[in-house]
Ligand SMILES: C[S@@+](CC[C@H](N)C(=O)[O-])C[C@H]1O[C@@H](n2cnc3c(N)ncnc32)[C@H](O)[C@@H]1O
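In the form predicted on its own, a lone chain appears below as structure tokens.
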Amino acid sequence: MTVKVDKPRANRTDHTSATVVPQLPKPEWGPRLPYFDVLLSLLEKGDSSVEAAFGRHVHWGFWPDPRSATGDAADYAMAAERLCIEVCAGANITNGQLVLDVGCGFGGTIASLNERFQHMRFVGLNIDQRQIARAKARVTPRGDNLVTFVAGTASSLPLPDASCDTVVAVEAIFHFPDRAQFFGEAHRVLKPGGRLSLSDYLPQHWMQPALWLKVPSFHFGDFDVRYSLERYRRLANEVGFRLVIERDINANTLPTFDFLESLKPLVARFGKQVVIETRMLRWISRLRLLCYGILAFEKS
């Protein structure tokens, strides 16, 4: 399926006026993501703490000073917005561009960009129709911006060759089935000089022999943390990208773990398992066995 993305026009949108996200089945294909099943269920029930924390963004937070984290939902939501801004900053986004957000979740990244840029064309892609439905119901284009959300896979991007200025993937790439295939697709749809900006967990290079399997998780689902910075560099060279930004923001994300462990609705649904997994991930992050980073790649 190919999405035709026209130039922006006033009042041109596929935005849905409904405020209630319709009931949709779970995706029959794609990664297993239990946390999204739980979040969508709690949001449907109107849980105020989950709405405040994850109603817009479903990813880690970024604190310029981690000691300033207060541990409440409003603070976490602001930190998640800052992480979105930090990743997008690596893409050199300017007015009048076409931006593709792969793994768009509830549309938070597009909503943030939509509020800050003009004359834009935004395409949000996600494998889960339920997330797409929520994004359509919540993101309203501003001015002459054009917003489109479509279900699809990162391995087959729904845009023509050399049609896109920027591709972003905020904390989603470790769920993609094949990073190399996604990189090839991103390179294909980007214009010369266009950028791919993403955030990911990066293992220490010496850990790779121990990471030959994808990591199973009762709470976080299927995710692949086998790509070290060195492996990303090799992949970029193979595909035809130039790695232009390498940012280690691991320390800035650490308050995320305290917040997740304190969020009672999630703990109640998953039980002790979510606490155990969150503490394990916090431990290996503090030891820097896995480091959270922002990477940006430019097409030659």
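Computed from a predicted structure; not experimentally measured. Counting begins at 1, following the sequence as shown.
From this point on, the text means the form predicted in complex with this ligand, which you will not see here.
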Please pick, from 194, 103, 141, 90, the one residue with any non-hydrogen atom lying within 4.5 angstroms of this ligand in the model of the complex. 103
Among the candidates 36, 62, 259, 241, the residue which, in the model of the complex, approaches this ligand to within 4.5 Å (heavy atoms): 36
Which of these stretches, 225-233, 183-191, 120-128, 70-78, has heavy atoms within 4.5 Å of this ligand in the model of the complex? 120-128
Would residue 158 count as a contact of this ligand in the model of the complex, using a 4.5 angstroms cut-off between non-hydrogen atoms? no
Looking in the model of the complex, any heavy atom of residue 153 within 4.5 Å of this ligand? yes
Under a 4.5 Å heavy atom criterion, is residue 177 part of the interface with this ligand in the model of the complex? yes
Would residue 165 sit within 4.5 Å of this ligand in the model of the complex, counting heavy atoms only? no
